[in-house]
Ligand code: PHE
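To begin, one chain is listed below as structure tokens, in the form predicted alone.
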Amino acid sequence: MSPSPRSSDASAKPARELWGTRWGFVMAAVGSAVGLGNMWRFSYIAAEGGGAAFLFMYIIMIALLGIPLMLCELTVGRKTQLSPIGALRGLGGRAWVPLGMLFVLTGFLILSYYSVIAGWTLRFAAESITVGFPENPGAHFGEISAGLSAVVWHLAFMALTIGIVMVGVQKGIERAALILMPSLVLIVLGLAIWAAFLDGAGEGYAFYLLPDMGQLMDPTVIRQATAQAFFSLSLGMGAMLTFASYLSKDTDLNQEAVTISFADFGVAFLAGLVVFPVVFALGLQGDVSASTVGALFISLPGAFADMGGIGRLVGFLFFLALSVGAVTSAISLLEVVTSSIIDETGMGRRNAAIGMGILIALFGLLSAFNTDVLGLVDAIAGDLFLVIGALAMSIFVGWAMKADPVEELRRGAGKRFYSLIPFVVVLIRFVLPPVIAVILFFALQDTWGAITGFFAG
């Protein structure tokens, strides 16, 4: 079934496709959250934050801030059964349409450069199993990170993403998630078991799992943990809102938010059980702290090359896992844009997915030809727009939408969460806005620095 044209009345859209199973929705939502940000950036930020100190604070921020913010998006999506623009128009009036448009723009921009990075991971996975890792990984990455080679892999990744989204919610997104997410977990679990037997793995575990109590109250660690909790859950860009628009009205959003959030954390935590033993066993601590891109695409491939045949196999599985995580996240980004075009124009899914996918791919050529452009778009969309979207969504659900958030969250809620819902709404109204405003303050500084640096260079 294809979604019908837009309507401010969700009941006028009986043909809207729904998830086939609860498990399919959960896997798709977790897949949206689990991407390169969890598979690698999580470990990188944890290393900067002192390992276990960051990990402990991250869990707290997921529970107190990440889950309430996710509930904001899930509530709006399920209530309206519309994509971001129509959903915010329906519950807030035309004044909130710009927020929906910001969500669509954010998804468009992030996917345009995310697919370039994902193309790198696809290439490294293919090369590791065919020709092996290069003798000079730094020079190799310099050759393939920008230019015609990067363009080819970027377009290949976008074609794969478009192919999944154009098929539909059940036959495309849900089916892909049910295959890819279990596969991802099995690969990462296998790598974690292998990493446990490396010389030096114990030192990596100690860094990752033993907290330094002196760093728990470090403002930098707290800020990084808070920001990562938002970013890693695909919040602030309408992905969870869009996925929730395909849910039935009696879905327990509270249960789903907790399941998705901690499943996302579980994959990130498991990835850390791979990364830290490998990093310490291979002596790459300084490389990880110095550059996330350099460590991932230069230092690790070099270390895998030195390991011989086993290194090629482990490297292949590692970059395959990164590629799978990238695909599941890219699907949600394209779905935000595609669903909005469908709802706002009445265009068929196939044409909307292909058309918008091509536009995103074309815009992504700028990042594929120039990594400085990639960094600039990441700073604007990935750092700034996400925070603005998260702040606006918390204000909208807490104070502006034409529905009682307590009543909406209690619809379909089980006994375990029913009594906690008023407390969650208090968090949404009084805690989320000021906390996200602080993150926005730093995001503005970082983004302005990236913009000035780009044009100065």
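For clarity, a rigid core is taken as the largest C-alpha set superposing within 1.5 Å between two forms. Start at 1 with the first residue shown and count on from there. Predicted model only: the values in this text are computed from it and were never measured.
Beyond the structure shown, there is the form predicted in complex with the named molecule, which is absent from this document and is the topic of what follows.
Novice: For Met237, is any heavy atom within 4.5 Å of the named molecule in the model of the complex, or not?
Specialist: Close contact exists here: in the model of the complex, Met237 approaches the named molecule to within 4.5 Å, heavy atoms only.
Novice: Give a yes/no on whether Ser332 approaches the named molecule to within 4.5 Å in the model of the complex, heavy atoms considered.
Specialist: So Ser332 counts as contacting the named molecule.
Novice: Please determine whether Ser232 contacts the named molecule in the model of the complex, using a 4.5 Å cut-off between heavy atoms.
Specialist: It does: once the named molecule is placed as it appears in the model of the complex, Ser232 has a heavy atom within 4.5 Å of it.
Novice: Indicate whether the named molecule has at least one heavy atom within 4.5 Å of a heavy atom of Gly389 in the model of the complex.
Specialist: No, no contact at 4.5 Å.
Novice: So if I measure heavy atom distances to the named molecule in the model of the complex, which of the stretches 237-245, 250-258, 136-144, 78-86 falls within 4.5 Å?
Specialist: That would be 237-245.
Novice: By the heavy atom within 4.5 Å rule, which residue out of Val424, Ile62, Ala413, Leu36 makes contact with the named molecule in the model of the complex?
Specialist: Partner contact (heavy atom, 4.5 Å) among the options: Leu36.
Novice: Which one, Tyr114, Phe304, Phe124, Phe318, lies within 4.5 Å of the named molecule in the model of the complex by heavy atoms?
Specialist: The residue in contact is Tyr114.
Novice: Is the C-alpha displacement of Met39 equal to or greater than 2 Å between the shown form and the other one once the rigid core has been superposed?
Specialist: Met39 C-alpha, core-superposed: shift of 2 Å or more.
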